[in-house]
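Quick setup: one chain, the form predicted on its own, written in structure tokens, and binding and motion questions come after.
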């Protein structure tokens, strides 16, 4: 490979870009905004790894088993093994490029406990692990930008992929400054666009991660996997604009969940699961809170001001700034919120999709987390997946066969973009996006059932039926207008997957099918064929090959 086009400049996109540059591959890194505005900076808790000198009974084998168990046995063993075996290497790499991890008096990196894990193995940078990693990767990327190996293309968004006969040749990009669509050819396209937060409106993540790219690629032939597995984080602070994550670090340092019961504190997780109940996996805690009415309190005040200021300053500052809460004296009101998407583009071990030369990395790729992600594994997977894709590209020889001509497609799509401003409807695009979020929150919540899912499908089908005839919303950039159909299509695929899986496993809980069914011990694969949504179980493990 000589040149690669990467969509998304968060941790996974930058990790891929830097690794490609190390191999001498030229990279065009596309995003609407700078890396410092990516969702990656919001990751506060830490990154998992097993360091031999600090293992204290831990091992890579334990990390593998915890990840597989936490994922309800849907994570592929070979994929998870590769991820966990590279934990130490990735931690050392991040240190070498300037990531500043919190250390003890002897200079050893500090660890904290995270839910669903048998040992403390989550290393952190104060309360800003994601920010630290982003900053370090930005500096590495700038070195290669100065050499002309990496080129950033800001204020640009993905429009569609250039695909012909099952092979990807680059992408069409929407240029915000010029207001036009351009074709950018490349030997390979890597998608690093995060999850699909905008489908649900208010979440703990960035609405810039809206799922459009996955939805559009799905319509162009890329298969999707495990869309029904949506992680609700149990501790989020409700505000008018969004739900702000109260990091698992709060519970990792000893914080306790409770509800008020007749004027007394009832520590429900400890009562049901024992002393370590507050560190059960996120799906379990979220369901317990949901069953108790949907909200609870997290108390960290007893940990003491010194520990809170030293290890949990972000929680302290968030609660003070957005809710006027002094965590040294008051408990934090929390409720579950959509937080992470285990499902996404189906990829093989090398992170290539079913379309040749189309790769996906980071949260938009479904690979390591199975039915539920362990805290601390997302940052590890973001870096690891980017590097795996880059190494694959470095080993692949470029074929110098003639590229197809996409000029007709470019002309057609450009005309369609112009026509979208001439539609007439009483509904603006943003109104439908808000309605979609309401539908998804209500019908695809922590607990699902056939009746709710069918209602969600009915609502989305209506939104799709009018999507091409909506009022052009001049108050927003054209991206929000042209991306709607792709987002709605992804939403429909997600509900179809939830209906298809008639069992409860990990983050997917069906009240009408409350038990785990071994018949479904395989990934859900969904494909798109001329408007038809085709579902199957990946029983042969095709995406582990």
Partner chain sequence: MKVKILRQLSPDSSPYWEIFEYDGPLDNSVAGVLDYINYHDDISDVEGNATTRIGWECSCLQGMCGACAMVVNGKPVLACETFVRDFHGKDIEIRPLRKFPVVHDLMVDRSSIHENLKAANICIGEYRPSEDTDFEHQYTAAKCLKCGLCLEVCPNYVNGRSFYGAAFANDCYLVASRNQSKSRMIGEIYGRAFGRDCSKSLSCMDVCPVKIPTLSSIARLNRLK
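Positions refer to the first chain, counted from 1. So that the term is clear: the rigid core is the largest set of C-alpha atoms that superpose within 1.5 Å between two forms. Not measured: the values here are computed from a predicted model.
Below, we refer to the form predicted together with the partner chain, which is not included among the displayed structures.
At the 4.5 Å threshold, heavy atoms of residue 37 reach the partner chain in the predicted complex. Although the partner is absent from this view, residue 42 contacts the partner chain in the predicted complex, with a non-hydrogen atom inside 4.5 angstroms. Although the partner is absent here, residue 131 lies within 4.5 Å of the partner chain in the predicted complex, judged by heavy atoms. Residue contact check for residue 476: one or more of its heavy atoms lie within 4.5 Å of the partner chain in the predicted complex. Taken together, the three residues 116, 219 and 337 lack any non-hydrogen atom within 4.5 angstroms of the partner chain in the predicted complex. 320 is the sole member of 392, 328, 414, 320 with a non-hydrogen atom within 4.5 Å of the partner chain in the predicted complex. Of the candidates 348, 403, 152, 396, 152 is the one whose heavy atoms come within 4.5 Å of the partner chain in the predicted complex; the others do not.
The stretch from 376-384, 220-228, 340-348, 144-152 that comes within 4.5 Å of the partner chain in the predicted complex, counting heavy atoms only, is 144-152. Residues of 191-213 that come within 4.5 Å of the partner chain in the predicted complex, judged by any heavy atom, are 204, 205, 206, 207, 208 in sequence order.
Superposed on the core, the two forms differ at residue 325: its CA moves 2 Å or more between this form and the one not shown.
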